[in-house]
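For reference, the chain that follows is the form predicted on its own, supplied as structure tokens.
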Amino acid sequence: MAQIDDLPPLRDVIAEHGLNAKKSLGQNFLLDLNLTSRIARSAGSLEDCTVLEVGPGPGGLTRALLAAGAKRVIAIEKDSRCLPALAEISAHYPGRLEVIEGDALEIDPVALTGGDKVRIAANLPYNVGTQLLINWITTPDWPPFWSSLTLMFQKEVGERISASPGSKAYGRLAVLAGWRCKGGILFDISPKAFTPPPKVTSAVVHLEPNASPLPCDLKALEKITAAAFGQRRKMLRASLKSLSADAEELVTKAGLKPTARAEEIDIAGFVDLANTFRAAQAV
């Protein structure tokens, strides 16, 4: 295991502070500093950069980000038991680590980072990871407040983020992520690397914002994809009836086949469908 600083090994930190992982918080601690350093490197150059981290736990990735040269790390941690361990890291890296106790779903990241362009890097808690990602990629302002996302998910979620049309994993998440971002899965991480080991393989995903996504109303795209994939086995003329009394005409006007199913439609097709839906609402 790599020695990235003079702080104690993570297993010792966990033992000293009694940080047994809580399933209710979606915690699985990554103890291998080789892997946390690899994740930090995957985020890109961190020099003169503010990094936002969610769910640092005992601070394995936090230490790697700081050791990699991050100018400042802002870490949001819901579990108060972890705060003493994070305070030790803060003391080791004076003025470079700010720890915020709270729920990341309830904290405004833009206000927290003071308007700085940030990189987000995190081993996200499994129970909130997908929702946090959706929040970050559906922010009204685009380009967003972040310059990159380097995030760990269950591999199944990572596959849903980067899935292509026609695959079983392709769905609303892939459309939203693919519309506004570029990137995908970088590498997998075995359950054995965690304490306690999860039942599934994890994956690190790296995303960067598309500077100019296809023009589309975000809310319209969210409604269209939610309806289409909410009944993915049905043809579009049936799955979109909740949005339009004449769903077949809506689909036809968008240049798509009413008999097509959601999994067959690429991102550009969903954009056309959302724009047609938005235009029909404006009449």
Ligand code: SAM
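Just so we're clear, the structure is a prediction, and the values are computed from it rather than from any experiment. Numbers follow the displayed sequence, beginning with 1.
The same protein also has a form predicted together with the named molecule, omitted here; what follows describes it.
K.L.:
Of Ala68, Met235, Leu30, Ala220, which one comes within 4.5 Å of the named molecule in the model of the complex, counting heavy atoms only?
P.N.:
Partner contact (heavy atom, 4.5 Å) among the options: Leu30.
K.L.:
Would you mind picking the one in Cys181, Val204, Ile76, Ala85 that has a heavy atom within 4.5 Å of the named molecule in the model of the complex?
P.N.:
Among Cys181, Val204, Ile76, Ala85, a heavy atom within 4.5 Å of the named molecule in the model of the complex occurs only for Ile76.
K.L.:
Taking 4.5 angstroms as the cut-off for heavy atoms, does Asn123 touch the named molecule in the model of the complex?
P.N.:
Taking the distances in the model of the complex, the answer for Asn123 is yes, it comes within 4.5 Å of the named molecule.
K.L.:
Look up in the model of the complex whether Leu25 has a non-hydrogen atom within 4.5 angstroms of the named molecule, and give yes or no.
P.N.:
So Leu25 counts as contacting the named molecule.
K.L.:
Indicate whether the named molecule has at least one heavy atom within 4.5 Å of a heavy atom of Val128 in the model of the complex.
P.N.:
Contact with the named molecule, yes.
K.L.:
Is Leu240 close enough to the named molecule in the model of the complex to count, meaning some heavy atom within 4.5 Å?
P.N.:
No.
K.L.:
If contact means any heavy atom within 4.5 Å, which of 99 to 107, 158 to 166, 136 to 144, 173 to 181 contacts the named molecule in the model of the complex?
P.N.:
Of the options given, it is 99 to 107.
K.L.:
What residues in 177 to 215 sit within 4.5 Å of the named molecule in the model of the complex, counting heavy atoms only?
P.N.:
Contacts from 177 to 215: none.
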